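As a starting point, one isolated chain is supplied in structure tokens, in the form predicted on its own.
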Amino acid sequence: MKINQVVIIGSGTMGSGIAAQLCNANIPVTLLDLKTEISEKARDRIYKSRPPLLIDKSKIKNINVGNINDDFKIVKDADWVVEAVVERIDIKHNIYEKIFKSRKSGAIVSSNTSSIPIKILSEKLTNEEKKDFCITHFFNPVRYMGLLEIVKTENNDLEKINSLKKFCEQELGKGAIVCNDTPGFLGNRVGVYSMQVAMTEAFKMKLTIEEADAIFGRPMGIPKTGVFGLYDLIGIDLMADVLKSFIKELPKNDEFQTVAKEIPLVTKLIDTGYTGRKGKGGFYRINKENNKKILEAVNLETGEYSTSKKIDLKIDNVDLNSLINQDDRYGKYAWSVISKIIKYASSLVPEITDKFNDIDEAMRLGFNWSMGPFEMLKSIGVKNFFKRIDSFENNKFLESLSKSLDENFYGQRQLYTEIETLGKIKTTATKIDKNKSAEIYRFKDFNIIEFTTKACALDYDSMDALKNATDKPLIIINETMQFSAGVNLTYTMNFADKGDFKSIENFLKHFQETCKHLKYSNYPVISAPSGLTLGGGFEVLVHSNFVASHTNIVIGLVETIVGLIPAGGGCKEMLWRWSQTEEAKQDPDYAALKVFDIIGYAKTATSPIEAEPLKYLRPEDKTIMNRNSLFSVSKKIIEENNNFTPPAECVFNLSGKSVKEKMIKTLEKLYNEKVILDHGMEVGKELANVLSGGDTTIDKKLSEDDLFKLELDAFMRLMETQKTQERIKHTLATGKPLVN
């Protein structure tokens, strides 16, 4: 079955998000709502959305709009009709009656509901209609969240369900998991339960919300929002409605009923308008004191707010055993939460799915966990788990495992997809080296490097691993959300605070040598980015010979924001790329001025299509819709380049003083208009010095090493200034830039 046209009924957040992703895949889609003006406004929201739902604004041409009264006839041409209207069963039933009267024979009809069982949605359909009806539960925001749950029943035409799954995987880039018709399906059943356990245990153990969020966060491989922060983000009132739905749908003896009970403080927050970020605040709120914004947190016992306190557990990497073995209340809380999540998730096998690792993948793709409940069990160790666990009666999965004590129970990962993923091959690859920042695997006749730091930030160990991995063709790829957010600024500031600038300089030299080594290695180096690919992360990518990029990237050189300039060859490589243009061949200053504008403004792109005009990516670089395919595409690049030869070294002819003066004039204009302040001027001058070639003239040839030296010297001069250090510290503390 081929899907060439799609109709979406309902242009709210989810309908719009699904429509935008279809646009990204170049699938024509019609968005219908009660009035055409509503659909038009939705199309306008898609076009202007931040973060962008479209990988390129030109994709908006794939959306037509209309209303369900005048334009419903378009349904007869659709291969797939998606219902995404309000969660009212009477409205949905009326829509289905109209759809099935109008649709062409065999067209798929699905609902994007997150809570209503398919047996209720389809109760008025004929048996023939039920064959083609399912739930396609996308997660919000659709472009960025990998999970799609396709909910089936025994009535479905399984061939058609698998055909839809394949389309959503290949064309829409989704991790499409087929599951049974049970309340909350896969992701929300376990995800919401986990949130409730983390919350109720925090109340029970008298932890502060900051303490609970610090533990139920990065140390567990869970996003840093934690539980209370996530509650505020979703909306406390919306979460209350979700819980009511679970209470209604689930059996009275389900463990979910215990953690879903009403909490007086939560009810009070909702009643007083503290519904989360969309309201006056929630568990956290922003208060103003002496014209300064202060983050406050609610006391779980008194309900009063006070200044939020940062909790640093001193845990950079996920290490569940270290966490649960801490002999304090933090360790006790971590064990209580993790063990309950494992017990609950395992109790659902085979009710919601007979493939337990599908639950893990749902948590990875839908909630951005780095490991699901069963991977947590594997990480803790089966024998260790059963030494500490209390009762698990009526849990067939744990009862069976307690008898075998099989430490290798997990088997293959990511069974839901036929794609050869990084996650699958890591279990069969040989780990040949590891340090605190990266791991090197050998698979067949090539190497794989995966960064393991927070946000895959780069440091000396990261560079060591890269350098050591080039004895074979190399793929640089990560399973975590980010390719690399850049150089570890905390690592750098630790040296600066001690006045140890020599160590920073040595690190930068090592960084430069590594990047040059990657570029001129005897074997091909492939970068496979997804998510943040910024600063030093981009510099690793730009020195790779080939790139296979996921559509969801944020890419660019952003060092000027923290008062620095790119010093790992980013300036050099951008200069080289722009110097190869026809315009640069006519005007010797064109490339330098263009790169000065791009790096000076710290311009970023949010997709490969946006990245190409900036020359962050090249036309020959591969673009991949499905993140799972990054590894297999990278592997294919290696197979196609058996006779690889490194590129020739670059030589630059730059104008020096004359082009630098043009750049300074631009800076002075910005300074006079107060777009930049004193330190912005200094950063701009250092960038101008590098991009102009320093003390050179147009007839003098500069090598890559000359450009590396200019970058290094400029970086170090800025790093030693108080104002750059203030910028870095402010960004590390607040996540926001400081203009000084």
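Quick note: we count residues from 1 along the sequence shown, nothing fancier. Computed from a prediction, not measured in an experiment: that's the story for all the values here.
Same protein, other form: the form predicted in complex with ligand NAD, not shown, and the subject of what follows.
Shown alone, this chain has one stretch from 351-359, 660-668, 89-97, 403-411 that lies within 4.5 Å of ligand NAD in the predicted complex by heavy atoms: 89-97. Using a 4.5 Å cutoff between non-hydrogen atoms, residue 21 does not count as a contact of ligand NAD in the predicted complex. In the predicted complex, residue 628 stays away from ligand NAD, with no heavy atom inside 4.5 Å.
At the 4.5 Å threshold, heavy atoms of residue 113 reach ligand NAD in the predicted complex. Under a 4.5 angstroms non-hydrogen atom cutoff, ligand NAD in the predicted complex lacks residue 394 among its neighbouring residues. The partner is absent here; in the predicted complex, the one residue of 343, 137, 550, 189 having a heavy atom within 4.5 Å of ligand NAD is 137. Within 4.5 Å of ligand NAD in the predicted complex, a heavy atom is found for not a single one of 363, 368 and 415. Contacts between 1-29 and ligand NAD, taken as any heavy atom within 4.5 Å in the predicted complex, involve 9, 10, 11, 12, 13, 14, 15.
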